[in-house]
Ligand SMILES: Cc1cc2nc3c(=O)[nH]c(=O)nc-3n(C[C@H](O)[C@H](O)[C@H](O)COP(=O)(O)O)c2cc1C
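In structure tokens, the next block holds one chain alone, the form predicted on its own.
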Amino acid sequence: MTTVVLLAGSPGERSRSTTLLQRAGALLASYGVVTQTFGLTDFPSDDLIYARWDSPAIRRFTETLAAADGLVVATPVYKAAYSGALKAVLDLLPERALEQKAALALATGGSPGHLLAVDYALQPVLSALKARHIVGGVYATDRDFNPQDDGSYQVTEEIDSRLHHAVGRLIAHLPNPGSVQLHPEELSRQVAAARISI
């Protein structure tokens, strides 16, 4: 069974970055990948402020991640960097928490001006956690989302297409991509695309 942990770096359940994460999770699930989602509200603020790496919430997250094959993390961009609360969570992980795992970073910002925040802020942290492979991230701006009547968001076709490609590359780099329910021709195409991107 292939498993991927989803980590939301926004406190809002209906935020744009969380919408990206949920869509990525739905795509993974469509391929037979089991996902487990964590959000900032799963971690008591005192645990993060006082760096309680041995708290029950942090231990549960660390153990779940240790048993998973990959990680997808999504964050809003604030002041040209990812959210501080997300940094607090990642800081409490063991040094080699992502060893032998693939990772995908998703981010949202108000304008294209913060496009490189994923490359220069978030991906180095995933690298420091020893991710085996970090898939090129997906960055979206406000105009890449369509507001819904219930206050939620829907991604545009362009972003959805980019998410499809990113998730495909993530699957190709998971430790055991052969266990994922992809059509053989699709898996072959994704693996080829992943090799080209190295």
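Heads up: residue numbers just count along the shown sequence, starting at 1. On a predicted model such as this, the values are computed, not experimentally measured, just so you know.
The form predicted together with this ligand is left out here; the points below concern that form.
Note on the interface: of 59 to 67, 42 to 50, 27 to 35, 139 to 147, the segment with non-hydrogen atoms within 4.5 angstroms of this ligand in the predicted bound form is 139 to 147. By the criterion of a heavy atom within 4.5 Å, Ala103 is excluded from the residues contacting this ligand in the predicted bound form. Contact check for Gly110: a heavy atom falls within 4.5 Å of this ligand in the predicted bound form. For Gln22, no non-hydrogen atom is located within 4.5 Å of this ligand in the predicted bound form, even though that partner is not displayed. Not displayed here, this ligand is approached by Ala80 to within 4.5 Å at the level of heavy atoms in the predicted bound form.
In the predicted bound form, Ser10, Arg14, Ser15, Arg16, Ser17, Thr18 are the residues of 3 to 41 with at least one heavy atom within 4.5 Å of this ligand, listed from first to last.
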